[in-house]
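In the block that follows, a single chain appears as structure tokens, in the form predicted alone.
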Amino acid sequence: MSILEAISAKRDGRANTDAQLCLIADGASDGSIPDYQLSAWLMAVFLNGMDDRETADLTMAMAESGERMALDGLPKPWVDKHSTGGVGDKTTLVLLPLLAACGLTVIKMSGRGLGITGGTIDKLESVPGFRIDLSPEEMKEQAREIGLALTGQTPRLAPADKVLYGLRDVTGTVACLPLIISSILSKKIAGGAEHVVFDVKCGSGCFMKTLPEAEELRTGLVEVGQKAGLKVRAAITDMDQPLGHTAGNALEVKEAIRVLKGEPGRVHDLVVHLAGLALESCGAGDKADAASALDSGLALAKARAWFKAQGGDTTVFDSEDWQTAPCIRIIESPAAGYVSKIDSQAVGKLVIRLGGGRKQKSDVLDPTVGVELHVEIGDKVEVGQPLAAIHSSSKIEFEPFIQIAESPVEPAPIILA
């Protein structure tokens, strides 16, 4: 068996065997298969696809390409979550301490943002002192103490995925469902999770623009996840407007803390829904229990313990006077009416221009910049009413991203499916 046989089979539309997929994962992780052959195989998969069996086999092969965290000795259930990402998505910052406050053990690897606003690691790095480089041993010990640990991606877990994802990014093969699914699930399995909740975003501010596309990804994650031995729940959620009121790293951490303190709204509702799915999957409660743990302050206390355990400055919970931008420009409504559209994609592109997101992996982010929204779709506004604030390092010109209509507008629900 050789890599040429695996490439030829997929090039000709035939399925790869489990052995071939293990060969590819091992060769990617140890460097024995050159990039040009891995790239050829990725393009063949992009063009000809994979069935569920192949996707599940690739998922397990990538999970086994490095270490797998053994969570033995930690209280069960062992839970993880994943969002497919979108503008203003600060869900993890609230959901993880909420799940831990409900008695679940949560260990998570998160990534940085690319081509959109910052990822979870970028947001947490805006907090002075916050460590995002925990070793598997440190993660396990911290989870034992407080029920929660998060780190950036480590080469010790699912190293094949890191290599293959890097090649997908430069070969135009990122938008391939089997490769997306196996990439996501392999890291969950390597991290030791038994239960996983997926937040599949749908709309202009994320990767899956339409509901059928999001449904296809949700179905794939659930079915392949189950084949790989995970207990999976998944929701499709709205991303036709930014999630919550902020997009930008420090701004999003500040908003997440406000939600932990009881601020109502779409972020609160989404987090409670996802936590309810996790609790139901584990047989440990339901949505009402999740809402109680959030609204009572238990999740806030857990978040403080989490930040302290990872070296973060916990005074960020007491004041928003940190990581502030020097320039704040208020956008006022040009007309009376109703907010009919907040263009998520335009907001995301603006945050990147401000320096809060990456065009390429080497870009250094400015944690202080971003967009703060004062309205949501459906809100009634008057002439001159503040619609948003642009937080920047200097004055910048931009295209309008909020539209006003004369007639009332009904916003999409946060949970689409």
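Numbers follow the displayed sequence, beginning with 1. Model, not experiment: these values are computed from the prediction.
The same protein also exists as the form predicted together with a further copy of the same chain; that form is not shown, yet it is the one meant from here on.
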Residues in which of 60-68, 388-396, 374-382, 28-36 have heavy atoms within 4.5 Å of a further copy of the same chain in the predicted complex?
28-36
Using a 4.5 Å heavy atom cut-off, state whether R11 contacts a further copy of the same chain in the predicted complex.
yes
Please determine whether A336 contacts a further copy of the same chain in the predicted complex, using a 4.5 Å cut-off between heavy atoms.
no
Whether L4 contacts a further copy of the same chain in the predicted complex should be assessed with a 4.5 Å heavy atom distance threshold; does it?
yes
Although the partner isn't part of this model, could you tell me whether A284 comes within 4.5 Å of a further copy of the same chain in the predicted complex, counting any heavy atom of the residue?
no
Using a 4.5 Å cut on heavy atoms, which of S292, T171, S135, T324 is close to a further copy of the same chain in the predicted complex?
T171
Stretch 37-51: residues contacting a further copy of the same chain in the predicted complex, 4.5 Å heavy atom cut-off:
Q37, S39, A40, M43, A44, F46, L47, N48
